[in-house]
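Okay, so here's just one chain, in structure tokens, the form predicted alone.
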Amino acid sequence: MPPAVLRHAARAAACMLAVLSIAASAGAQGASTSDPRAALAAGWKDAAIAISNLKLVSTAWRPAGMSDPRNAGNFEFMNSDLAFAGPYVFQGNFNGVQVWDASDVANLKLKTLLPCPGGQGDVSVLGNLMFMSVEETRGRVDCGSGGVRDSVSAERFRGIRIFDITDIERPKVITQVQTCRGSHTHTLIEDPKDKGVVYVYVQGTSIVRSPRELADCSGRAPEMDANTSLFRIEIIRVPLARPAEARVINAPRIFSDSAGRIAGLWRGGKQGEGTQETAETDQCHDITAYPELGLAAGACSGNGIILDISDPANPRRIAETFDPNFAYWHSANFSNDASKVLFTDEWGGGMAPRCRASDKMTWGANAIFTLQGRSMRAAGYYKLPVAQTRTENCVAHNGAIIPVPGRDIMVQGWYQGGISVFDFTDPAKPFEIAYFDRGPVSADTLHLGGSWSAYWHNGRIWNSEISRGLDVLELTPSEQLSANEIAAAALVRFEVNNPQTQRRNVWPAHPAVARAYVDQLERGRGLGAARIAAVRAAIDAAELRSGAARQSAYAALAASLKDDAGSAGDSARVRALADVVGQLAAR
């Protein structure tokens, strides 16, 4: 065996031992059966609800044309992912796109209904352009219904549709870029050196189409065809001033090993007794880009990988990991400082009940890794802590970071397990803060439903519910999350927010941010009680002043906090607080 292969095997073995050790600890406590979510009454629009530390603001039910009234779980009408631009929420559906006007979050209004079947229907938005993933063989060039009769046809479309949404109520197709495996999901990455260009990373996971339908496509194994359409992603370059010229410009072999073998990562199968039957790494399901840091995390069927995307047209793999508890690496999120990366396992493909009391707490869960350079180290797991029934499809799915300063908090959809908000600041000890869950669509039969994705955007949580519609929720204060922390998170705002494109959270100089750090120091006993009270009083007093007097008060507090840091129980957080107070002094 070549030395490079031996080194890779040794790293994989060491990783597996570490992961299994952490998994043994994480799996010691099973899912709760006494939680209010464990036995909710079933129903489509009338299911029972369990909610904790959240407030349901509104629900917009699926409109006619995006649902099947005879079968709430009809696969061809499932709601999928969300994107945000200005006052609008773009909700994908396997049958097209819905655009909601969220100017009044308590009264969401349907702005646009765009039937355009073909699945998966995930959308992203940039300026006056909307991008849509199409993967299924029924997708048509004309967005028509009825599918495509012939196995090879010029009528078929699979890839990325690009629409002009200048008139939001009447999207117009600009161009459609065909790809060999279609587009299950996609990732938008703006060129850091040319703001006139955006790249679309296409994650195709379906069958490879015939070369008679699209030239140069090949579904053969790499041993038979070095140009196989497997073991790669496709990259589309879109000149924003001329989007009709969008085209595939690269298909990088991001799974290659040091010897140049394109099938260089996990080849599929089990690692031994008690491990998962893990898929071969010949595709990526999701690639979450963090352009401001030049990084991306790929959840790629059998492996989690880290890419250097500083040159987005030519991504390079710089790290990879494996987890014997994972069946299918599905999606990823970075912590805000990218010191951690969290991967999800879609055990059962999202269509099976994988949160039952008998299911392992490390299967169908999140795996949390610390990240340093080219090294990922297994640190912990988080799985929905409550048991679900046999008629509820449930497994880890799409979520996003909630920008609470000083903490790593995430909101996540778990299909019919609902929404879970959890803290993973200590990756070895993640814990739940809040939840929202409906009962199953049916008490007798498993119908697809639940939270496809739950995202934080501009102060609220938005939930794309597969069979029901779109929910808007707000966090409420609790023992584990204060009103100040929620207020600080709401200060981070973005005009545009797309799935799989992670934005760096930066907090303005604001008293809510300082008070959030003080609350954390009190909760964690990072400063003494008397000092906590004095700091709070000093912030309140400074805010009652104005001009130079306010600046002087904040400057004095910042200086005293820097002195505290040396002896504080949580010196890092005290220094962070001092920095914020210093910024307030400079306002």
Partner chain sequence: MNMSLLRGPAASRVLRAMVGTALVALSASAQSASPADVAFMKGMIHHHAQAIEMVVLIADRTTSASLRTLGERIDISQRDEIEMMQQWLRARREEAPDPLPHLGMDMGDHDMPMMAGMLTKAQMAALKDARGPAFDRLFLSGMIQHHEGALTMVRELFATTGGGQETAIFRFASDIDADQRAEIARMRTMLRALNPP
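Residue numbers count along the first chain shown, from 1. Treat the numbers as computed from the prediction; the structure is a model and nothing was measured.
There is another form of the same protein, the form predicted together with the partner chain; it is not shown, and what comes next is about it.
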Closest heavy atom of Tyr435 to the partner chain in the predicted complex, within 4.5 Å or not? no
May I ask you to state whether Asp150 is within 4.5 Å of the partner chain in the predicted complex, using heavy atom distances? yes
Do Arg267 and the partner chain share at least one heavy atom pair within 4.5 Å in the predicted complex? yes
Does the partner chain get within 4.5 angstroms of any non-hydrogen atom of Ala154 in the predicted complex? no
Picking from Thr205, Ser335, Thr288, Thr389, the single residue whose non-hydrogen atoms come within 4.5 angstroms of the partner chain in the predicted complex is Thr205
If you check Ser339, Asn227, Thr445, Asn314 against the partner chain in the predicted complex, which one has a heavy atom within 4.5 Å? Thr445
Looking at 169-177, 136-144, 100-108, 406-414, which one sits within 4.5 Å of the partner chain in the predicted complex if you count heavy atoms only? 136-144
Of 334-354, which residues get within 4.5 Å of the partner chain in the predicted complex if you count heavy atoms? Glu346, Trp347, Gly348, Gly349, Gly350, Met351, Ala352, Arg354
